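There is one chain below, alone, in C-alpha cells, taken in the form predicted on its own.
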Amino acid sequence: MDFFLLLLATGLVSGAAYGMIAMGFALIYKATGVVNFAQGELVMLTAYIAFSIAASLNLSFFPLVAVTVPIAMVLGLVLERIFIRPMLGEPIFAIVMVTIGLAVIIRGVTIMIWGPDPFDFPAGLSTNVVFIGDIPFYPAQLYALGALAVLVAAAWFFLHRSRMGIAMRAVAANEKAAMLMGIGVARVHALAWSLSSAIAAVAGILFAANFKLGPDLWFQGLKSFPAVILGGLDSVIGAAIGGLVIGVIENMAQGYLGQGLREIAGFVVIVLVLMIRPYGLFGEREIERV
C-alpha cells in the first residue's frame, strides 16, 4: 500500500507539471484553433531566463516568479506579433508549421546562449524533505501541486467571470461572429499567447526546480500532449486534470508493469482516447482537426 501511495504521490507531482504545460496548449488552441507545437520550447526558454535572473539577482522563489512571469508575457506577445499575427487568415496547417519552425528556432537559440550542459536550478526553495502522512515530498514538489491548483482557479475565473475571458470563449465558439460583435480577435490571440507564456514560465521554473534545467526540457511539451488530448484540446481546466491523470498512469505503469513503460504509457492513452472519445473528457464534441 505504501508503494502504491508513493507512486500516486510522485505521479501527481509529475502530472502537475504536465497539467501546467497542457493548460498552455489548450489556452492557445481555445483562442486561435491552432496547436502550438512550440509550447514545450516556451517552457524551456522561460526556465532558462528565470535561471539567468536567479543567478544574477539571487532571488527567492516568489520574487523570481514575480520577475519572470511579466518577462514571459512580453516574450509571448513578441513571438505572436512576429510569427503568428502575419499568418492571420492563412490555412491552419500553415500556422501549425510556423509553430514547428518556431520550436526549432527556440531550441537552437537556447543552446547558443546557455550551452548544451544541464544546470542545477537555484529556485530559492528549501531542499528539506516534508512528510505528509508517510509520504515524503520536497518543497518544490508541493509548490508544483499548489501552482497547478492556483492556475486552475485563475483560469476558471478568467474564462467565466472576466470580460476578456468571455471574449476569448466567444472567439473560440465562432470567430467570424465574434468579429461582427466588435471583439478584437487579434487582441484575443495575443492575450492567449501572453497568458500561455506566463503559465509556461511557472511550469518551467517548477520543473527545473524539481529536476534539472537542460536543453531537453522542451521534450516535456511533447510528453504533456497526452494530457491535452485526454482533457480536451479546447478545455483549459480539462487539460490540467488530464495532466494529473497522465502523471499517475505513467508512474503506475512504471511501478507495476516495468521500466520503460513510463515513456509510452501516455501515448497509449492518446491512441485509446482518440479511438473512443476524440474530443477528450472535457472537450467540445466539434473539434477542427489540423
Partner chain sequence: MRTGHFKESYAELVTLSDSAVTWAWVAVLLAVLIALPLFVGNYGLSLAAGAMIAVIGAVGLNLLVGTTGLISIGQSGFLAIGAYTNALLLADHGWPIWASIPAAGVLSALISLLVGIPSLRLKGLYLAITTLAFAFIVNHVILYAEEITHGPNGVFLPKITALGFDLSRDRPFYYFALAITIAVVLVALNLSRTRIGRAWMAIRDHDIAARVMGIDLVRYKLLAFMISSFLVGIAGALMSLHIRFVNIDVFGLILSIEALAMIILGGLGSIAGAILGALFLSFLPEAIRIAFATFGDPSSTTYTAYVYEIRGIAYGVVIVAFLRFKPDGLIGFWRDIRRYWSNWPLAY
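Positions refer to the first chain, counted from 1. Since the structure is predicted, the reported quantities are computational estimates derived from the model, not experimental observations.
FYI, the form predicted together with its partner chain isn't displayed, but the following is about it.
- Think of it this way: in the predicted bound form, its partner chain has a heavy atom of just one of 181, 186, 109, 74 within 4.5 Å, and the residue is 109.
- For the options 119, 83, 137, 158, the one in contact with its partner chain in the predicted bound form, meaning a heavy atom within 4.5 Å, is 83.
- When contacts are defined as a non-hydrogen atom within 4.5 Å, all of 29, 260 and 278 contact its partner chain in the predicted bound form.
- Stretch 85 to 93 is the contacting one of 85 to 93, 142 to 150, 127 to 135, 168 to 176, since its residues have non-hydrogen atoms within 4.5 Å of its partner chain in the predicted bound form.
- At a distance threshold of 4.5 angstroms between non-hydrogen atoms, residue 255 is out of contact with its partner chain in the predicted bound form.
- With a 4.5 Å cutoff on heavy atoms, residue 64 does not count as touching its partner chain in the predicted bound form; it lies far away.
- In the predicted bound form, its partner chain sits within 4.5 Å of a heavy atom of residue 233.
- In the predicted bound form, its partner chain stays beyond 4.5 Å of every heavy atom belonging to residue 59.
- Residues from 222 to 258 that approach its partner chain in the predicted bound form with a non-hydrogen atom closer than or equal to 4.5 Å are 222, 225, 229, 233, in the order they occur in the chain.
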